[in-house]
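Before any questions on binding or motion, here is one chain by itself as structure tokens, the form predicted alone.
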């Protein structure tokens, strides 16, 4: 059965070959000469390793070692012995697709292993096109959003590699499935050797790791600059060098800081914290690296809420719900400030949609991620939670040290990605309250649940 496999002209460059493969459904492509004759198979992963070894991206792909040179002649498809031997070799070396050649060595078909299993009975072959499973590197994959995104990608059939320093402990790993499709690497984003090694064989990178939040950044300014600015840009540069074209960077709507109107991606940025300023710096640097091939996507997320394997209680909805459980009341400081909210599950879904979107639509772009309907004043958030939890008391304090006040438009993500938030603040607060009431989270006051603490000894 004819496949939409990538044919790679032998005279194109390594960079062009990787680009061609990324636009196909396969990790490997077939090298052909000017007359269409097959010479071998090139793997995108192996081509990227050549770049790391010092080979120039402009060198012709034909001058490099082939991933393999397996092929089967059309005339041999009826031979059970030949097919059995070829299948044995392919299985041993993890090869999923093989070209079928005519008498002149030109590719007339591409078979999967299933096709070959039936080839001795029918030279036309049948079988499903398995394509390739994408491998995604999630830097910070054990964190609040990362652990939820990891679960969603695994459910959709992706292979996931997590790189995480486990700064906030390992509890999230307990809820992750034990599967060969999940690989876990312990390491720090600031270690360039670790990061470059983690890129081996991946098709896309999602950078979530950061010193997150205003309090954490104030307490650790040096680590914030190292992680959020220097290391983030170094990782993006490493991806560009290895021709990993799909790079998703987690930013925040906090970059808007203050605003009296509904703010979109083109609005002025008015950061009021070190955290927001570091995010802006990396946004600008990463976008400046973009070109016709490396095409990063910046996702500015609203304030997250909801349950996660790595729970946080320093987020407004989660904090209010925790106080409702532990103290029987919700405390509101200020109250008139606007915040755009976004559930952690919906946030993870937006990353999946970006990974699966046409790169021409999302590459070199900035998206606000959230819901127009979930732009709330702090007072309104408290009232929604109080109502969801059967009338919990709300106490007010007019003083607030948080000067952020902004509403955000999410129309671009809706129009281009088709993204629509599905979770609600009320439902999420009930779910969090239930976890606390059932003892699933036995002590929400532990430092592990707050990003401005860096002590994992309370696990």
Ligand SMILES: NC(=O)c1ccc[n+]([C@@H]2O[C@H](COP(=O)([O-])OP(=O)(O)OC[C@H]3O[C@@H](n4cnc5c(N)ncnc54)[C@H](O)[C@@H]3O)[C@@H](O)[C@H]2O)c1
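Residue numbers count along the first chain shown, from 1. Keep in mind the model is a prediction, meaning the values are calculated, not measured.
Not pictured, yet referred to below: the form predicted together with this ligand.
Exactly one listed residue, out of 116, 182, 301, 378, brings a non-hydrogen atom to within 4.5 Å of this ligand in the predicted bound form: 301. Out of the listed residues 366, 272, 357, 167, 167 is the one that sits within 4.5 Å of this ligand in the predicted bound form by at least one heavy atom. Residue contact check for residue 161: none of its heavy atoms lie within 4.5 Å of this ligand in the predicted bound form.
In the predicted bound form, at least one heavy atom of residue 188 sits within 4.5 Å of a heavy atom of this ligand. The closest heavy atom approach of residue 296 to this ligand in the predicted bound form falls outside 4.5 Å. Proximity of residue 310 to this ligand in the predicted bound form falls within the 4.5 Å heavy atom cutoff.
Only one of 256-264, 145-153, 101-109, 239-247 lies within 4.5 Å of this ligand in the predicted bound form by heavy atoms, and it is 145-153. Applying a 4.5 Å heavy atom cutoff to this ligand in the predicted bound form picks out 208, 209, 210 from 193-210, in order along the sequence.
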